[in-house]
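The data below hold one chain only, encoded as structure tokens and taken in the form predicted on its own.
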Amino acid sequence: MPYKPQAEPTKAPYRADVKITQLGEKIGDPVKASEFPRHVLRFRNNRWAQTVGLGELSDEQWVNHFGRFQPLPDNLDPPLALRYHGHQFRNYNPDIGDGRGFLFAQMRDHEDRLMDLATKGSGTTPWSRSGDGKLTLKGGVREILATEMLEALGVETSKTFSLVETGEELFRGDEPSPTRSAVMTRLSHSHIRYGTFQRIVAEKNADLMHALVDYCLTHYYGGVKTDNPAVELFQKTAAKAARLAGSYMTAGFVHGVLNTDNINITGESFDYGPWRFTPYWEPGFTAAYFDHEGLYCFARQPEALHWNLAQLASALTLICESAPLVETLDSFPRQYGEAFTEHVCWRLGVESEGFDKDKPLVVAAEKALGLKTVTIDRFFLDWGQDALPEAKEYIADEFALFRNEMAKRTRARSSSHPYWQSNNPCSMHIEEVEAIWDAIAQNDDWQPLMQKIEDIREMGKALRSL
């Protein structure tokens, strides 16, 4: 079946709809945001703010809500730092939770989905351990770039909603210090992580597990439709994880830290730390300097998500039999293959003919990319146009198989958008990220960031031009 990216966001009224409290007091802890010495609005995502009825806020109102965290009307007061456990690089950690953020608000969006507004860098919580609960400004800028790029490339991702600079000096071991501080707000379809389930099974709380499964099915998947809700939820979650894995690979994206506490139940990518985009099809490319074994390298991300699903399945056995969960786990490789194939066809702008018929094209594409003669972004720009490209890189014998497969395919996309006539692929390599940050750090120049966001969004429009 053809891959369909998320549609362009549209305007909707503000509709508060606090559902998280249905799960009781053991799901999270009431907290208060830190008081910051300054509040300088650096980014507001009006594209997505309009979908939850917040696009008309003045900048002053915006900062009051997303810098000082005054409650939104009829919403959470106080916010909640959610509880969870997690496997971190496959080592189980029962001492984590929302350590520098909280769930700030819930509301309905333009598609009537329940949406969460959650923070990063808003101060300490009961789960901060020895951390200060703060976010560096560079970390916030990097998250803007990651989410904008991934959204444009058809990856289901949280949206960076707001970034407010807060006027503190922070000290970090992985950044030149002291460095500037910020507080960020992200919009996502869920704040419930695999690790949320892991905490509940560790506490042997079957009643809360039943309630959480029903909550997720009701509010994220259209309701409970079978007599085995835990299996139903796992099947839906596995399909979403396969889709996420497939889109990561086609985007050339490496998340860096695919721990079970960094994967949510709706299959949205979120919580960006040491992410990178690999310029070339490099299977062993890693994003985190501390990932010495390459556990979360580019090519192992589908494996990582599959492993994480197994941990979720283990938690769900608190309330259901394991056999149907294992059956779903066993189907994951096929689901991933289908998702990857659909996403490759979409980026190439050709009609998908189904997994088995598309497989020769996708295998040929992967082999062509593996030659590393062109970057991933250049490859998909050149081959996304109507005519087969004649550049010397593509007429070499090594590209013959891919050229032949592409020549057989029907175009699925209009190439009238100016992006397809350009010679400049929109990319997000580390040198570009650092250049954007250097302009801010050295000259407080935000124009390169704003220009990059504009360029990314134009590419997104081109990719959606079916």
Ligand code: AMP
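When you see a residue number, it is the position in the sequence shown, counting from 1. Owing to the predicted nature of the structure, the values given are computational and were not obtained by experimental measurement.
The next section is about a form of this same protein that is not shown, the form predicted together with ligand AMP.
For the marked spot (E342, G460 and R464), a heavy atom within 4.5 Å of ligand AMP in the predicted complex is absent from each of the three residues. Heavy atoms within 4.5 Å of ligand AMP in the predicted complex are found in one stretch of 147 to 155, 196 to 204, 90 to 98, 367 to 375, which is 90 to 98.
N262 is the sole member of S190, N262, T286, Q335 with a non-hydrogen atom lying within 4.5 angstroms of ligand AMP in the predicted complex. For the options D382, E303, E232, D132, the one in contact with ligand AMP in the predicted complex, meaning a heavy atom within 4.5 Å, is D132. By the criterion of a heavy atom within 4.5 Å, E268 is excluded from the residues contacting ligand AMP in the predicted complex. Remark: W346 does not count among the residues lining ligand AMP in the predicted complex, judged by a heavy atom distance of 4.5 Å or less. Ligand AMP in the predicted complex comes within 4.5 Å of no heavy atom belonging to Y248. Contact annotation: H210 falls outside 4.5 Å of ligand AMP in the predicted complex, judged by heavy atom distances. Applying a 4.5 Å heavy atom cutoff to ligand AMP in the predicted complex picks out Y84 as the lone residue from 68 to 84.
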